[in-house]
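One chain is shown next in structure tokens, namely the form predicted alone.
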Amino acid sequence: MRYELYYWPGIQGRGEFVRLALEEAGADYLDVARMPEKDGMGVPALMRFLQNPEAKRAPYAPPFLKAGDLVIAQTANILFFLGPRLSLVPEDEASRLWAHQLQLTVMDFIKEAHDTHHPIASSLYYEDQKPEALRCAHDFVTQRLPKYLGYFERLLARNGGQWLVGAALSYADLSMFQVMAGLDYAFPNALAKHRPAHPGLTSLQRRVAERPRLAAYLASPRRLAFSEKGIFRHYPELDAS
């Protein structure tokens, strides 16, 4: 099956979690909004889904995935669908639900990371809420960041230290790689301070990055760069010294 991924073309964002799964599995997919408009793709193709007045199950926002006749939205929901089809989750129901639960927690984690630079409203510029962002970021790097990292570190150790779910890589591991990479960009000082207490996650990040398909993807133009337009944004004043 050829999958069609719909997400904003200029940022990694939440769509990147889906891209990593598709790339690791060597799946046949189109990143529709990054394709030429002259071929019926691009952002207009994405907007046609969002603005279709006759769609009974229209997605609220990207990312969403078209798989045959199905259109599936929400990052965690997309990965729950793709996991067994791409062999990125164990076959038993308990493991599938556990991986899904971890993914939902990851999405909570990145929401808090995002809100450090937009604590009041996404419609406002960072500069319009800078005092509040400084307070939010201080709480995040001193309280919330170590709490989340500690949780995933413990789970990794309890599962043998290699992977988060079962005996092989799952989409939960890919998502934790993306979180660690994003934190490396947005909060390099804070993450460096916390890394010694979380060696398992550091090793997991390295193992994922060294997988052949992922390494090729990360070195290719398909991997968009982090920037101050995505979830993870680097403002030095928000990072711990």
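Residues carry their position along the shown sequence, with the first being 1. Keep in mind that what you see is a predicted model, and the values were worked out from it rather than measured.
What comes next is about the form predicted in complex with a further copy of the same chain, which does not appear here.
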item	value
Any non-hydrogen atom of Ser203 within 4.5 angstroms of a further copy of the same chain in the predicted bound form	no
4.5 Å heavy atom contact, Asp115 and a further copy of the same chain in the predicted bound form	yes
4.5 angstroms heavy atom contact with a further copy of the same chain in the predicted bound form for Cys136	yes
Partner contact for Leu155 in the predicted bound form: a further copy of the same chain, 4.5 angstroms, heavy atom	yes
Candidate from Ala197, Ala209, Ala55, Leu30 lying within 4.5 Å of a further copy of the same chain in the predicted bound form - any heavy atom	Ala55
Every residue of Pro44, Phe177 and Phe226 near a further copy of the same chain in the predicted bound form, heavy atom within 4.5 Å	no
Residues from 93 to 108 in contact with a further copy of the same chain (non-hydrogen atom within 4.5 Å) in the predicted bound form	Glu93, Ala94, Ser95, Leu97, Trp98, His100, Gln101, Leu104, Thr105, Asp108
